[in-house]
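Only one chain is included here, represented as structure tokens and corresponding to the form predicted on its own.
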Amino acid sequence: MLIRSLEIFRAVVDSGSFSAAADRLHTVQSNVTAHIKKLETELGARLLERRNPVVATPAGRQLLHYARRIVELHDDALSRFQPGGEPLGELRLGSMETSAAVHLPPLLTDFSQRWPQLSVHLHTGTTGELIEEVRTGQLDAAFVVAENAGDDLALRPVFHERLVLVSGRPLKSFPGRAELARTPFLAFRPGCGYRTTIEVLLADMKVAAPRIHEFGSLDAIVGCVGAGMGLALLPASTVRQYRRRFDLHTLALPGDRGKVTTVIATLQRPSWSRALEVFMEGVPSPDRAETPIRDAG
């Protein structure tokens, strides 16, 4: 098997398209098709289901696991033996939408200016989804809200946040149990750390069967809260940015419930690529750093 064939196979699976993989790798679609056919002939297995989007077969998923490791080790070896040890290849990051909207733009801009030869791919999702994607090697690192993710992952604090109750109308005081019982919350799907905080908060206040509307984007949540559809829990830094577009009002959560720390989740350091190493050098620590949840090295 050629390294190039594995690179192309990985790109097809990640993009879900032969043409998109060709664009990503700066080649032509016929070359992508030829490499995939060569792999399938060599292995005696059908690797891809040719549909829209293209998906890996069970055999393809097995190969994908090896392809990611082989290509990353290949790129890492090249970078370590080149003068200056410059990283090559790509950096695959995951993030909650709130962090992606507020904190990551300056961080990623600085990184791309320092290492223009690296391709950055950013994927957003819930904390639960992103942690699993780091664990399975689909992502190099992810910005999430988690206190523990298992011994195979490392968590390093990056940003301290304060969650606030967000409404489309002024709130004189924190809503009582009766009002919370009849007012819906707007949140991401299960697996989101902020949604978990909503559920715990309402359980502590003995609010039975709360209504939670699920949304797939931060813009949709904030827009509907501003229009009066319900309440949300979001970081204060996120709300500040959206106040330019929506009429939003906030209240602090009672006690320490609103304190939350965004961490960056990675595999343990010995498995880091050179690209991840240089990225982690530029990842900030909180101004008032708390004890690391799990040291990432």
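The first residue of the sequence shown is number 1, and the count goes up from there. The term rigid core refers to the most C-alpha atoms you can superpose between the two forms while keeping them within 1.5 Å. As the structure is a computational prediction, the values presented were derived from the model and not from experiment.
The next section is about a form of this same protein that is not shown, the form predicted in complex with the DNA.
Shown without its partner, this chain lists 237, 271, 27, 57 as candidates; in the predicted complex, only 27 has a non-hydrogen atom within 4.5 angstroms of the DNA. This chain lacks the partner; the member of 62, 241, 261, 31 within 4.5 angstroms of the DNA in the predicted complex by a non-hydrogen atom is 31. Using a 4.5 Å cut-off to the DNA in the predicted complex, not one of 68, 95 and 123 places a heavy atom inside that distance. Stretch-level contact check against the DNA in the predicted complex with heavy atoms at 4.5 Å: of 263 to 271, 37 to 45, 226 to 234, 247 to 255, the positive one is 37 to 45.
Here residue 21 counts as shifted, since its C-alpha moves by at least 2 Å between this form and the one not shown after the core is aligned.
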